[in-house]
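Heads up, the chain below is alone and in the form predicted on its own; it's given as structure tokens.
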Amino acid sequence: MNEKYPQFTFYGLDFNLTNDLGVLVSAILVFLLVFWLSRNLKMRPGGKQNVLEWIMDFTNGIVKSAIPGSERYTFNLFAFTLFLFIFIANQLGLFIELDIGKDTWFRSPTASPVITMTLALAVLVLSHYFGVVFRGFKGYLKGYASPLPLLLPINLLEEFTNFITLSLRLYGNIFAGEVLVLLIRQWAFSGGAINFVSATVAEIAWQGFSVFIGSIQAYVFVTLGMVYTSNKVLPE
């Protein structure tokens, strides 16, 4: 994995094409998947409609476990979309990594801390916004002094630590997985048939395990995002 990425500047802003392409491809794949699964819906579901409804029930369950009240209906679609996007983004770099010259043009977007921090920031900003919507501005501010005004500094610090842990947990797991895939591939071409066969077996096993890890990380990210949201939305 190279440490250099293609960039371009637009009106003084630098854009990382590797991140942009990864996010764009992930978004397109999510749209195409949901579009395909949602065609020809029937009252008695079968086949691909069952898959779509299972994913929706799964993400709705995540929301319900964190926000049991009627407020949860506001976040069902958000959790569904977020889970699919992170799941697909986590898997991309396991199967496709494009290096041209000294630049990496394509990898998992969630292997970049910029992307995971952006996702975490989006979740936390929405949680604060809906905290004001559901509890009012006074109730929202009161939450920082709950259960004791003495805990105000700790509650403020917690907002920062939530952002760091939510973003870096996802980044660390996906980045480490891609680095290990690269090391296995280098092992395969280090010389000798035994090394090649051994590395091929190791990569197949690791690819399967990485799919599981990517799924777990998508689940953990959405679950924690909904827990943080419930802390802002639900009254103490």
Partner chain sequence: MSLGDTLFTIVTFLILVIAVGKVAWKPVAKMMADRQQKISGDLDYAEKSRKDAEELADKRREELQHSHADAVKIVNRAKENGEKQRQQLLDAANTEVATLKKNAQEDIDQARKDALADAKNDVANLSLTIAQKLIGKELNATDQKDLIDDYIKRLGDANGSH
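Numbering follows the first chain given and starts at 1. Values in this document were obtained by computation on a predicted structure and should not be read as measured data.
Form predicted together with the partner chain: not shown, discussed below.
May I ask you to choose, among Leu166, Leu94, Leu82, Leu124, the residue with a heavy atom within 4.5 Å of the partner chain in the predicted complex? None of the other options qualify; the answer is Leu82.
Contact residue in the predicted complex, chosen from Val220, Val227, Val23, Ile213 - any heavy atom within 4.5 Å of the partner chain: None of the other options qualify; the answer is Val23.
Although the partner isn't part of this model, could you tell me whether Met43 comes within 4.5 Å of the partner chain in the predicted complex, counting any heavy atom of the residue? Yes, Met43 lies within 4.5 Å of the partner chain in the predicted complex.
Proximity of Leu52 to the partner chain in the predicted complex, heavy atoms at 4.5 Å: Yes, Leu52 sits close enough to the partner chain in the predicted complex that at least one of its heavy atoms falls within 4.5 Å.
Does Asn60 reach the partner chain in the predicted complex if we count a contact as any heavy atom within 4.5 Å? Heavy-atom contact with the partner chain at 4.5 Å: present for Asn60.
For Phe31, is any heavy atom within 4.5 Å of the partner chain in the predicted complex, or not? Result yes; Phe31 sits at the interface with the partner chain in the predicted complex.
Counting any heavy atom within 4.5 Å as contact, can you tell me which stretch out of 190-198, 34-42, 174-182, 204-212 lines the partner chain in the predicted complex? Comparing against the partner chain in the predicted complex, the contact stretch is 34-42.
What residues, if any, in 12-32 have a non-hydrogen atom within 4.5 angstroms of the partner chain in the predicted complex? Result: Leu13, Asp14, Phe15, Asn16, Asn19, Asp20, Val23, Leu24, Ala27, Val30, Phe31.
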